[in-house]
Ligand code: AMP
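Here we start with a single chain on its own, the form predicted alone, put down as structure tokens.
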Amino acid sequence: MIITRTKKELKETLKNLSKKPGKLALIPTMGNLHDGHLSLIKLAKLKSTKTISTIFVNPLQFAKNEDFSDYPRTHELDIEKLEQEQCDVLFMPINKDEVFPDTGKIKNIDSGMLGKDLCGKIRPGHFNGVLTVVNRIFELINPDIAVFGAKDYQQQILIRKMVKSLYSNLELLTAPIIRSQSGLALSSRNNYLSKDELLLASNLFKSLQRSVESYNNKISIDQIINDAQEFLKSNNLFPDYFELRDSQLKKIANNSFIGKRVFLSSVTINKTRLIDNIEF
């Protein structure tokens, strides 16, 4: 695996890669890689001839009171895992200046009204920061394919909207959620939780599963959401939101909706925020 630390090294590596036929697939990450991330690499390798991953903890998507400085950074272990998956290139910039030009020259991407909903209500400006850095990485790498995980449902919908308007030739792939044996969606922030808290956190997925069953049994949406919130609170999971939406995250008012639906939730346990969803 070729490891690049600067824009210049990245540009030179991509120039040489461009001589190879086929497609280049990008897997952007913030590091602290787990099996969920590695599943993205596996999917990318099935759909492309070359893969490039990025490890960059993006300061633009963290608010002042969030965990930017504490976010787990495990670069040596991440490199080992990427090499085991036979990733071709890693871009791990030595500092933010290798990603962003002068602050005044950053092309900021507005996430619109959807970016202010759901997780965007809790984390104002978060999705603007996500889209801005993803756009910048697309500019630097110019991939044919980009792979994202389904756990960040709202994020991948917003990225799809951005790609539709700015990158008509870029193919986006969504990889399914990878879960632990308990059902908990894998996340780097799970590292913040104790063993007991990890067990409690698995009730988030149980609440989503129960809600699908209730929906199929024609229970009213208001009752489903109320039951889910009470169940979560009883397990020390405090809901930031618990919602039913369609596949484009528009609100669903009743059980007569036809088409793909998704229950989404964000909960807080001991200052750690976890998200999950279930599409049906």
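Being a predicted model, the structure only gives us computed values, none of them experimental. Residues carry their position along the shown sequence, with the first being 1.
Beyond what is shown, the protein has a form predicted together with this ligand; the following relates to that form.
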Heavy atom within 4.5 Å of this ligand in the predicted complex - the one residue of Leu199, Leu186, Leu77, Ile122 that qualifies: Leu186
Among the candidates Thr132, Asn203, Gln155, Ser111, the residue which, in the predicted complex, approaches this ligand to within 4.5 Å (heavy atoms): Gln155
Touches this ligand in the predicted complex: Phe148 (any heavy atom, 4.5 Å): yes
Close approach of Lys42 to this ligand in the predicted complex, 4.5 Å, heavy atom: no
is_contact(Gly36, this ligand) in the predicted complex, heavy atom dist at most 4.5 Å: yes
Close approach of Thr29 to this ligand in the predicted complex, 4.5 Å, heavy atom: yes
Candidate stretches 134-142, 112-120, 170-178, 81-89 - the one whose heavy atoms come within 4.5 Å of this ligand in the predicted complex: 170-178
